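Below sits a lone chain in structure tokens, taken as the form predicted on its own.
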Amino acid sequence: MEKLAETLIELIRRTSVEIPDDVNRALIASLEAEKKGTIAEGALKIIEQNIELAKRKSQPICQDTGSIIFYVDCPAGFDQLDFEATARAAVTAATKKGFLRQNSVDSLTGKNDGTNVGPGAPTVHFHQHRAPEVSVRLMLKGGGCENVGAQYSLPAEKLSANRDLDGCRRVILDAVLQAQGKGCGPGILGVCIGGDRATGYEFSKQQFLRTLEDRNANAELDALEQDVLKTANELGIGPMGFGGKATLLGVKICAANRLPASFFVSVSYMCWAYRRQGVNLGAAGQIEKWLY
């Protein structure tokens, strides 16, 4: 458990202070595409400088180090209780080291004990498989981008959105329009079509574990992802809502079974500080491979 704790602290540090390569490439491409001398270009230059400074100083990219969400793929028999206890200890230690800001508070009292640990914090999702490997992915999701997530129930008459892919397209784009850069754009969308109210959001956030450069295996969803991305970047919202071309960096969509009475479209929004990283673990809990 001691080696695992060291691994998780390093995973937290790297996730908090470094942007994944695929996200950095998308931000650089967005900067190059913006018109020179505009506020949008200036905003993206500041983001670029922020990323470089955070990595060089090993300090959090954003003052809001976000909700701490672990995704663990593990074999049957893996001790989930020990892992979760170690993860909570690692979060506390990483907070003391300054890799995480002390920003998890008691919802009833508003008190902050400075550990980032409490009911639901951190969140750990386990998924068992029959392979022997253990992989741990970590997402740090800020509160600002969480605030502009949205869930729609189709049909949505005001948007003329019916229970079909065109209706899904309409509500996803409405979520972007309503955000207006408030979620620290350029953003990334994770979307789930279907499910219930809880699983819809859960699956939509799991889409953030995909790289920006991958393509959806489902042809219809792939076409929808590309269409929403193109259309959103033609809305003129731009970085931080200042206008420009870079409203979104990516769109990732999945579908889940639903009940006939319900048709939810759940939209999770990720800010430009797209903090996600992962590792494959060795037998002693050491890092064998970085996943992003």
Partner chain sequence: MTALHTPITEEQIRALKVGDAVTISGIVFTGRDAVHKYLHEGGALPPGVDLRGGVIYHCGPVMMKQDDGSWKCTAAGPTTSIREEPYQGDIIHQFGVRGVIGKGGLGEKTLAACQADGCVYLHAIGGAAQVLAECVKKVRNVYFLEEFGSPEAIWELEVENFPAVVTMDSHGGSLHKEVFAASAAELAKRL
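Residue numbers count along the first chain shown, from 1. Remember, it's a predicted structure, so these values are computed and weren't measured experimentally.
A second form of this protein, the form predicted together with the partner chain, is not displayed here; the remarks below concern that form.
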Please pick, from N218, N112, T92, N162, the one residue with any non-hydrogen atom lying within 4.5 angstroms of the partner chain in the predicted complex. N112
The one option of I47, C254, L224, L249 with any heavy atom within 4.5 Å of the partner chain in the predicted complex is I47
Check for me whether the partner chain, as it appears in the predicted complex, comes within 4.5 angstroms of all of G120, T211 and G278 - heavy atoms only. no
Using heavy atoms and a 4.5 Å limit, would one call P155 a contact residue for the partner chain in the predicted complex? no
At 4.5 Å between heavy atoms, is I237 in contact with the partner chain in the predicted complex? yes
Taking the shortest heavy atom distance, is A87 within 4.5 Å of the partner chain in the predicted complex? no
Can you tell me if Y269 lies within 4.5 angstroms of the partner chain in the predicted complex, counting non-hydrogen atoms only? no
Given a 4.5 Å cut-off on heavy atoms, tell me which of 72-80, 94-102, 195-203, 129-137 is the interface stretch with the partner chain in the predicted complex. 94-102
In the predicted complex: members of 128-156 within 4.5 Å of the partner chain, any heavy atom: G144, N147
